[in-house]
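Only one chain is included here, represented as structure tokens and corresponding to the form predicted on its own.
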Amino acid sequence: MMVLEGLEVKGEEGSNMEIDIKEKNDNELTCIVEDVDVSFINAIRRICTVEVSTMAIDTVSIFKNDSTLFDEVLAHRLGLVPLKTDLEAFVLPSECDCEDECPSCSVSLVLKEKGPRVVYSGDLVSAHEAVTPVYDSIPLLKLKEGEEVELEAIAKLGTGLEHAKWQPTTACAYKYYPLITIDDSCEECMKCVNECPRNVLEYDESENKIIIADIENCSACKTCMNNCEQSAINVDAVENKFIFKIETDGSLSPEEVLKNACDILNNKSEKIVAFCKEGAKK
């Protein structure tokens, strides 16, 4: 079990919050978060979804499109292509001093192809090596013999508050950490084991009793409780402990999304504290 480094978010009683990673790959992250309440973990979820910036195609100039696909549909498809994002290399357009697009806030991607062929996201040629399609195999349009497409797309940083195309997460959710207790009145009738839809419970022959095999997979549906005639099993939740899951579209890693969300929440908190202190002085 690893600890996600670089976080300075404070939990209850001012202690630094540590996030224990249970599972992770390039696009998914599952972790255990303790010592925070539901309002905090829900704030992190919402910020991960709609306030962490990513790159997405915002404007498209189509010079030639002989395909059967309308220009508007093609532009919409381009906007939904996930782009790899380097948050240190670019700023939001609202934070840039330029009057028009510049290398600090935008990237040009050019598409120029001739049929017959299927044009994919990987055919987009980016002016910046750090901003390229996450997946090369997304079909954009189909060109027949003699048909051509030529366009320039401008990608910018944005947030999900503006449009869903800037959301870095495809899924982001949390649940309370389950707490299952089995008391001595259990007669090992196996009904709870057989009825559990997620195989959370097992019968241990060596100890001759029912054990909890995979507690983190419990959805708290309480099917085991409802089928226990002795009322020997109880399903509850651990207070201030959560299982948090993030899945991204590949534009940012799950760790980047979570770290940036915590930084954003910290900044919001500092502004509120500063505002309250200023108001107290008056």
Partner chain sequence: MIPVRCISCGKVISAFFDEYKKRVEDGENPKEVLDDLGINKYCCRRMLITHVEAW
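Bear in mind that the values here come from a model prediction, so they are computed numbers and not experimental data. Residue numbers count along the first chain shown, from 1.
FYI, the form predicted in complex with the partner chain isn't displayed, but the following is about it.
K.L.:
Consider the chain as shown here, without its partner, and state which of Leu151, Ile138, Ile210, Val91 has a heavy atom within 4.5 Å of the partner chain in the predicted bound form.
P.N.:
So the residue touching the partner chain in the predicted bound form, by this definition, is Ile138.
K.L.:
Could you work out which of Asp58, Glu255, Asp249, Glu34 is the residue within 4.5 angstroms of the partner chain in the predicted bound form, going by heavy atoms?
P.N.:
Of the listed residues, the single hit is Asp249.
K.L.:
Does every residue of Arg77, Leu80 and Tyr120 put a non-hydrogen atom within 4.5 angstroms of the partner chain in the predicted bound form?
P.N.:
Checking in the predicted bound form: Arg77, Leu80 and Tyr120 are all within 4.5 Å of the partner chain.
K.L.:
Quick one: which of 219 to 227, 61 to 69, 235 to 243, 44 to 52 gets within 4.5 Å of the partner chain in the predicted bound form, going by heavy atoms?
P.N.:
Answer to the contact question: 61 to 69.
K.L.:
I'd like to check something about Lys142: if you look in the predicted bound form, is any of its heavy atoms closer than or equal to 4.5 Å to a heavy atom of the partner chain?
P.N.:
The answer is yes: Lys142 has a heavy atom within 4.5 Å of the partner chain.
K.L.:
Is there a heavy atom of Val125 no more than 4.5 Å from a heavy atom of the partner chain in the predicted bound form?
P.N.:
Output for Val125 is no: heavy atoms all beyond 4.5 Å of the partner chain.
K.L.:
May I ask you to check whether Cys186 falls inside a 4.5 Å heavy atom distance of the partner chain in the predicted bound form?
P.N.:
Contact with the partner chain, no.
K.L.:
Is Thr170 one of the residues lying within 4.5 Å of the partner chain in the predicted bound form, judged by heavy atom distances?
P.N.:
Contact with the partner chain, yes.
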